[in-house]
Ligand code: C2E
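The chain below stands alone and is given as structure tokens, in the form predicted alone.
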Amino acid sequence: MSASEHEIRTVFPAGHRIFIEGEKGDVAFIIERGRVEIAFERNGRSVRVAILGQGEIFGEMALIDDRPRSATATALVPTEVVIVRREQIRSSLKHSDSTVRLLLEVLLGRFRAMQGRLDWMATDGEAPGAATRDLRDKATESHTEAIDRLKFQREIEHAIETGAFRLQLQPIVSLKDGNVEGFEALVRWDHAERGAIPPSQFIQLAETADLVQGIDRWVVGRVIDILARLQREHRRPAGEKPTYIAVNLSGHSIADDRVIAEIKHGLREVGVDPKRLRLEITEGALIDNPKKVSEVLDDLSSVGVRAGIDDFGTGYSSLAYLVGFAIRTLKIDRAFVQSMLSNDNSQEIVRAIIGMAHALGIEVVAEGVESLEQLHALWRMECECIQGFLLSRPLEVETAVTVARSGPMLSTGPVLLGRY
């Protein structure tokens, strides 16, 4: 008797071998009632490893990979079991709470380490071979990494709760008149023990753990407060666009109605002109859930918030794909900007993006500008705005507010630029 593909529970009679050492399997078993012996062969004799009873699990290594069974499982008495399939576990892990998922991964890693010990026992006390040592080392490494991720996740949660992040603002400058049009908000985390942690390290984990909405909420709330200050202290002449701050919003937040509602409520409560806030999303978020993104962008556009696509050109969308979305700005990815003077293809891509965006009435910002030559090339292509280390590194908020009030950052204006 064996477990069929669709069985959930089954009963094995006394003496039945549930599985045999060396065979492959993709299921584990939880004992509802009865007893099971776990044993393996060594030097022609059977060595008992354990006798398991109600509530215990066996065959769990099959939930990890396709390696042969390391021992034989035999029902000592009539035994009823619940069958757990590998694909069932994988599907459950994929959709489970991130903490539960991580803990299960740790437990499976421990089972793998136990397998290494069983292999060592099977050698009749001899030192474990290279393959076993490698398996044991990888299991230990996997377990350590999982624990570190769990700890790091908890630290992110605490940072959200306590507001431990901080913002820097990088100027976005007009190539028409040299003025600072706005800033991009960049989140920073100065950890007490780990030091300065770049967003590339904690944002990805925050997305995986479904925590990124909390970070986005904090960033938008802080940005709205800064915008309220700019609105009070820095008034541009009539007819000029107000200084804005662009915020990168994750796909998770775009899909979360509560986050969008909080953004609209925050703007109303503080009395900030919605035109001062720009929300940037990635091409990936646009493609993953186009219907929801379209609805959200239309909703935000109706109250005056402008939306843009960040790092355009690195994903799979095209300008034609954007026609149905309320997109007002494209930000050309730095990879194209930094290679366009040495790579004709990159230069043509930048030129095409600018030309087609203009045909659709979309403003273009080029990021990652680090040389005068890049600046001059973008000016000749009629790119509206640039951002990059050539003009300014990300600034602390107080410095950025001062910069916003200090007049053109490109003080020579387009006249000098036109000579190149």
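Quick note: we count residues from 1 along the sequence shown, nothing fancier. Being a predicted model, the structure only gives us computed values, none of them experimental.
Separately, the form predicted together with the named molecule exists; it is not shown, and the next lines address it.
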| query | finding |
| --- | --- |
| Non-hydrogen atom contact residue 219 with the named molecule in the model of the complex at 4.5 angstroms | yes |
| Contact of residue 383 with the named molecule in the model of the complex (heavy atom, 4.5 Å) | no |
| Partner proximity in the model of the complex: residue 388 to the named molecule, non-hydrogen atom cutoff 4.5 Å | yes |
| Residue 203: touches the named molecule in the model of the complex, heavy atom cutoff 4.5 angstroms | yes |
| Heavy atom contact within 4.5 Å of the named molecule in the model of the complex, the stretch among 256-264, 269-277, 345-353, 242-250 | 242-250 |
| Joint contact, 186, 212 and 369 to the named molecule in the model of the complex, by non-hydrogen atom at 4.5 Å | yes |
| Sole residue of 149, 334, 328, 86 within 4.5 Å of the named molecule in the model of the complex, by heavy atom | 334 |
| Answer option from 290, 324, 199, 78, heavy atom within 4.5 Å of the named molecule in the model of the complex | 199 |
